[in-house]
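We begin with a single chain expressed as C-alpha cells, specifically the form predicted alone.
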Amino acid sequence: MKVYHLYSGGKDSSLAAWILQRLGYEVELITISFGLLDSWKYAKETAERLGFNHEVVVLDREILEKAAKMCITDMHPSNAIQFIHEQALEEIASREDVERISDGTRRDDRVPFLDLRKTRSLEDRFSVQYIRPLLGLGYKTIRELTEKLFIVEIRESEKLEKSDYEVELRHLLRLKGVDPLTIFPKRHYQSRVLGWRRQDL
C-alpha cells in the first residue's frame, strides 16, 4: 500500500512519515517546489538520512504568484499557505497512480488544515484516501515523540534551512519589494529533522 506524503523535513511531517511506515505503508515523500529556489534540498537530505524515498514536485509558479498577492492583500500569510497546501494536495491526488495521500497536519493546526467538508471533497473528486496520522495528537505528544525519535534543529523561520512553502513565498515577496516580516510573524520558530536519534521505538 503506497502513500504519497507531503514532506517539508520538519518534525511533524517526519513523525507522520514514521507512523505511516510503522503501519505498513510504502511511504513516498513529496516536497513541493516552485522552481525559484533549491530549498527542497534540505527535505531531500533529511529524507535520505531517515531512509525514505523522496521526490520533488514542481508546481506552476502562478500558484505562488497568487499566494503572494493574498499575503500582500491580507497582510497575513494564513490564506496563502492554506491555498498552496490545497493546491499541492490536489496536484498529487490528480496523478493517475495515486490512491493515498498524506500530510503532517495535526490536531492543533489552524493553517494549513482541511476541515471535514474539504477533506471529503478532496477524496471524492480524486478518488483517493487522505490520511493524517497526527490528527489526534496535540503539541506536547508530538514533541515527546519527536524528541525520542529524531535529532531536531529549531530556529527562527528566517534563519532555518527548511523546505516548506514559506521559503519560496518569502523569497517572492522580497522580489516584489515586500519585507516578509511585515506579513509573517517576526519571532516564529520552526523545526528541521537532521536524522535519527533512535529507530527502535
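These figures come from a predicted structure and were not determined experimentally. Each residue number is its position in the shown sequence, starting from 1.
Only in words, not in the display: the form predicted in complex with a further copy of the same chain, which the text now covers.
When you look in the predicted complex, the only residue of Arg61, Lys140, Lys69, Arg174 with a non-hydrogen atom within 4.5 Å of a further copy of the same chain is Lys140. Using a 4.5 angstroms limit between non-hydrogen atoms, Arg155 is distant from a further copy of the same chain in the predicted complex. With a 4.5 Å cutoff on heavy atoms, Ile183 does not count as touching a further copy of the same chain in the predicted complex; it lies far away.
Proximity of Ser94 to a further copy of the same chain in the predicted complex falls outside the 4.5 Å heavy atom cutoff. Contact between His85 and a further copy of the same chain in the predicted complex is not found at the 4.5 Å heavy atom cutoff. Heavy atoms within 4.5 Å of a further copy of the same chain in the predicted complex map, among the stretches 29 to 37, 46 to 54, 164 to 172, 140 to 148, onto 140 to 148 alone. Contact residues in stretch 97 to 112 (any heavy atom within 4.5 Å of a further copy of the same chain, taken in the predicted complex) are Arg100, Arg107, Asp108.
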